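Let's start with one chain on its own, the form predicted on its own, as structure tokens.
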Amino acid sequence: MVIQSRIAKAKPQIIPTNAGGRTFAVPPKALQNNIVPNDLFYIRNHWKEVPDIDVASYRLAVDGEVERPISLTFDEIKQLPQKRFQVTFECCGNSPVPEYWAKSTRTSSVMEQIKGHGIMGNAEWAGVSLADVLELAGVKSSAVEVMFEGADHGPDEIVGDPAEVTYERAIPIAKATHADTLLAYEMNGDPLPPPHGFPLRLLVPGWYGMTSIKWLMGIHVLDHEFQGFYQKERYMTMNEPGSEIAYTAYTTMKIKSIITNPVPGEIVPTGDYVVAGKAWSGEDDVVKVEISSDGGDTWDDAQITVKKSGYSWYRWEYNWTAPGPGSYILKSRATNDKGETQPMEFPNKWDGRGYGNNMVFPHPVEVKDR
């Protein structure tokens, strides 16, 4: 009698990219989808522990420069008019500088995720307009910014100092009152998973992910510019000496594109192959994507096959026939409706950190006979 064993096919999983269990990348194949499933969506937290919030006793405080400070239950928030649309999120530290790759001691599989820009994803979100909540409180004319307070707190992940800090950030009043800035409670049709902010998170479409505070506990309307730790000490880069502005703060996502097909390490057969990927530009529209199959010496136009929905990324494709077996360097670059094109080199060389890195990245491909 022959006993046949069943070998279970490994299920794709998010991939840890730091030792502290705070950041997990989307596996490359999941980036080929228009919608990234909740269990494969990237996670970027400042502390390992996920806040455990009892939705029955949950209250959202709205105070500061308002006529009527309020405290809303979760049910009261959900009674407001719902909005639903797609939003692409990208971590501001996605796509580290190439020099980081060479220095890294991480495993090759993890490095492939980092090279593959896995700290990003696209999902459909549902919630209520922040403007509706602010209207209930009555924002005063003195309002300048709105600060958002999360339930997560602890020592800073980089230096461990200050000893205790809450994750808080602010946005200008104009962005806070934009109709599409949401208080989100659903992700891809399900309640927010705990790692993504259950029961309620801020969602700022078109801006880098660190702005969209998770586990939202308080909304504080300010008559001044917020000076908190994660506003002024993180997510900023130092500019070159002599610059008119000493630091660059990051808000809207820059024009950018990635190659998703083939995935890193995939062997491409000789003959016709459809190279594909995604492109996005924060609040702006992508109008052109170009592809190079010779490392950037020459460029051809790719075809945008799926335009954005809401604030989602675009899908593009390019029909490629490799000259023959061998190693190739593919590159993609996108241009938005403002005429901004991805730079060929890392744009923040002086500072050296990877914040807002939207350079054109090499995508090595190996082609072999069928």
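Sequential numbering from 1, following the sequence displayed. Just so you know, these numbers come straight off a predicted model, no measurement behind them.
One more form of this protein exists, namely the form predicted in complex with a small molecule; it is left out here, but the text below deals with it.
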In the predicted bound form, is there a heavy atom of the small molecule that lies within 4.5 Å of any heavy atom of residue 46, even though the partner is absent here? yes
Would residue 130 sit within 4.5 Å of the small molecule in the predicted bound form, counting heavy atoms only? no
Do residue 214 and the small molecule come within 4.5 Å of each other in the predicted bound form, heavy atoms counted? yes
Any chance residue 91 has a heavy atom within 4.5 Å of the small molecule in the predicted bound form? yes
With the small molecule left out of view, choose which of 254, 196, 117, 175 has a non-hydrogen atom within 4.5 angstroms of it in the predicted bound form. 196
Looking at 210, 134, 259, 146, which is the one with a non-hydrogen atom within 4.5 Å of the small molecule in the predicted bound form? 210
Note: the small molecule not shown here; in the predicted bound form, the stretch from 147-155, 274-282, 78-86, 220-228 having heavy atoms within 4.5 Å of it is 147-155
